[in-house]
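First, one chain by itself: the form predicted alone, in structure tokens.
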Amino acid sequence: MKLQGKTAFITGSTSGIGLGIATALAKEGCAVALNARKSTNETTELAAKLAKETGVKVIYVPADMSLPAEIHAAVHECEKQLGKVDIIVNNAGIQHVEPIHTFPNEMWDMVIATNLNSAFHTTKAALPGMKERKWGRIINIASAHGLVASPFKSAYVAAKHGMVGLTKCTALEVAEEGITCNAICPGYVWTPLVEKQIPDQMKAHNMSKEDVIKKVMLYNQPTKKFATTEEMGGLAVFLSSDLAASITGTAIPVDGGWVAH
């Protein structure tokens, strides 16, 4: 198994892309820490189920990714329970779709805190251990919206552009220490987060559900297909492997050709 003996902390990983990546890493022998805001019976059962399916240690660490103190505490808890944190996947994210002139101030702050600030704090907390061991992988889940923009998503686009910049800065700072940092930039991946966007997009564009999917969401994806969480997991496994040791500071689109326009 490619990642046997490694450990990973994946933020926002009880569903969607995060869970897809956690599952892929676990299947390759990596012990993983799942994360969401609160502990529930469902999160405990999810960790136990993944551990049983893959034969690796799986823990669950609750933390609100908009709060720096909780983020740092979560990373330290992972180190305590798993012994170390070799890989961090900054995946936690939220979305709000609304024109700038009516965009709620508090929602702007929450999107930036959850989607961008959390990546900084998770990286800051995990780097000392990685630097000491001279090995680490930081994977930031950005977006095609980290490379191009769309209307009505000002906070999300700003946060994802910021994450691509943070990725580059991090990669340069640790380039000689056996640590890589890369951003994955998905287009539309079929996840609960994307599904929840549909009503807001219907309202913003005054369209039916079918038209929103075809004419808004997949309009810029030449393949006209949603990407899958399994595809995101496969790329994360590769970036975490020794075969990707020379890949750092990149923003890799997985977007069906979106940014090729």
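A residue's number is simply how far along the shown sequence it sits, counting from 1. Model, not experiment: these values are computed from the prediction.
Although it is not shown, the form predicted together with nicotinamide-adenine-dinucleotide is what the next lines describe.
None of I139, A142, A119, C78 but one reaches within 4.5 angstroms of nicotinamide-adenine-dinucleotide in the predicted complex through a heavy atom, and that residue is A142. Checked against nicotinamide-adenine-dinucleotide in the predicted complex, the candidates A92, L82, I179, V157 yield a single residue with a heavy atom inside 4.5 Å, and that residue is A92. Remark: P253 does not count among the residues lining nicotinamide-adenine-dinucleotide in the predicted complex, judged by a heavy atom distance of 4.5 Å or less. Taking the partner from elsewhere, V189 is found to have a heavy atom lying within 4.5 Å of nicotinamide-adenine-dinucleotide in the predicted complex. I17 belongs to the set of residues with a heavy atom inside 4.5 Å of nicotinamide-adenine-dinucleotide in the predicted complex. Looking at K27, you'd find every heavy atom of it more than 4.5 angstroms from nicotinamide-adenine-dinucleotide in the predicted complex. Screening 168 to 176, 100 to 108, 181 to 189, 119 to 127 for residues having heavy atoms within 4.5 Å of nicotinamide-adenine-dinucleotide in the predicted complex returns a single hit, 181 to 189. Of the residues in 46 to 67, those that come within 4.5 Å of nicotinamide-adenine-dinucleotide in the predicted complex through at least one heavy atom are, in sequence order, A63, D64, M65, S66.
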